[in-house]
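As structure tokens, one chain now follows by itself in the form predicted on its own.
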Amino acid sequence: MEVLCSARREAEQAEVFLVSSPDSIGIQFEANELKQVQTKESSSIALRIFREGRIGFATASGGGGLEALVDMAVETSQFGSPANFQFPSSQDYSEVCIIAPEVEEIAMERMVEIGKELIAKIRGHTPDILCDVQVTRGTSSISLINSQGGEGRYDSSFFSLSLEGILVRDTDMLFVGDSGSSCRPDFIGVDDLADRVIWQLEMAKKKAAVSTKLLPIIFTPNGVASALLSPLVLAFNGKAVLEGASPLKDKLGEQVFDKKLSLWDDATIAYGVGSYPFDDEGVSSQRLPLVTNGVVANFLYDLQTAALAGTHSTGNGQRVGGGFPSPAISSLILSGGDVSFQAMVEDMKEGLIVEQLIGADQGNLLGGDFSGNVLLGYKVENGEIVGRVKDTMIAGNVYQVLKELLGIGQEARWVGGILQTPPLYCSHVSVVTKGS
């Protein structure tokens, strides 16, 4: 490759990363009506070099200006961090199924039909609801080559479907919604997504009040994602561990969570939108245990962070928009348990089900704190869901909440394509209501 040859004349080591999305289509409905049909192509190239022991980096969109790219990388190397690692040499990568040819065969007209079908199903239950729907499909290609002989290429596909609904009655506003993402379109059923939203609407028909106190809470899979995911992802990031910012920094091998809880990152899951045969630095993907029966097992590392920490990359070096690599999750899996969702509800004398939390990212995430307004949640009394709660906030700490769980649900499912989780039944979380 021309840019690699040019870079090698200026640097001790070099790496070229290419990403392109030749065919991406997005369909958007707003307030039940088709608003936008968008097609786009994109490509970018990133160059990373080691020059005089320091890292230089440059990126550009499109395919032109390659000499300028090399010059920019050389210039930034003067101020770059010391290069503490080597680029990976040639290796064999395991095959990961992440491309479905049928994605490209889905016509734009069919995507519009899917959006209309979903809205029709929801409005068949609640005629006056306003639905925003997005249907997206596309493919992308990743290529990587470096001066140490490392080289790889793969294609992936994606299909996503999401719905957000709002129901306004007088001064009351009800928000519902769900989504799904996969490399295969048949993994996301319109009926399944509609059924989950209709269940939310059914549970929210009546209103119920809670008072300010500590209450047991069931986090649905959506609730787990909105309340607990961000502090957990930060805690296992090798960079936060290296900098001493993670509460888990000295906890490797120690039991921090409930013994029933196991958590892992897995970039090898077939048709997962977060899966890949190798990460954005050319390191092989793997299934990486993070928590095993409550014990902290590993952290997520890229090449540079691993070198500084005196360990090896875990294959979690990822780039946002072709940018500089940093440690990140691929697909996070929380193990399922042995309790049904219904059994959790029936076990509650008084409690709360949290479906969606907003503002949870505003607390001290590094400390594991979460707090926010319950956008969608239901009151449980004597083992039955009695209605939707309003003007309610919850607050807690992820390490305290996950230290002693009352139960882990059997019904694990994907949320947002990168988290698979069952419902979690937590013993006591602080609940605050307006006016109490």
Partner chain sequence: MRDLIADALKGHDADYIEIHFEESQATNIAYRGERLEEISRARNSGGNVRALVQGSWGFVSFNRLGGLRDKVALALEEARLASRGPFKLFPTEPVVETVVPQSEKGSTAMPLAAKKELLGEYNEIILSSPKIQSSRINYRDAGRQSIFANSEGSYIEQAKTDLTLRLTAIAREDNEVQQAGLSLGGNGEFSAVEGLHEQAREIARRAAALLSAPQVKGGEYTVILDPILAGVFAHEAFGHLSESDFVYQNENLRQIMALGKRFGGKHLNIVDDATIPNLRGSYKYDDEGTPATKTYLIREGILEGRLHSRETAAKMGERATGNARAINYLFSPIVRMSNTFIEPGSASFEAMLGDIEEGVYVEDWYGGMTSLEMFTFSAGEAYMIRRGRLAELLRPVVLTGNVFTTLQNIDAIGNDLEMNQGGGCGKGGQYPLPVSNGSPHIRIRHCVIGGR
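All values derive from a computational prediction rather than experimental measurement. Positions refer to the first chain, counted from 1.
Beyond the structure shown, there is the form predicted in complex with its partner chain, which is absent from this document and is the topic of what follows.
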property	result
Answer option from D195, E95, D155, E109, heavy atom within 4.5 Å of its partner chain in the model of the complex	E109
Heavy atom within 4.5 Å of its partner chain in the model of the complex - residue from D338, D186, E202, D172	D172
A209 within 4.5 Å of its partner chain in the model of the complex, heavy atoms	no
Heavy atom of G396 within 4.5 Å of its partner chain in the model of the complex	yes
Close approach of G53 to its partner chain in the model of the complex, 4.5 Å, heavy atom	no
K403: touches its partner chain in the model of the complex, heavy atom cutoff 4.5 angstroms	no
Contact segment among 360-368, 257-265, 285-293, 155-163, judged by heavy atoms lying within 4.5 Å of its partner chain in the model of the complex	360-368
Check all three, Q36, M72 and Q304, heavy atom within 4.5 Å of its partner chain in the model of the complex	yes
Those residues of 222-260 which, in the model of the complex, come within 4.5 Å of its partner chain by heavy atom	K239, A240, E243, G244, A245, S246, P247, K249, D250, K251
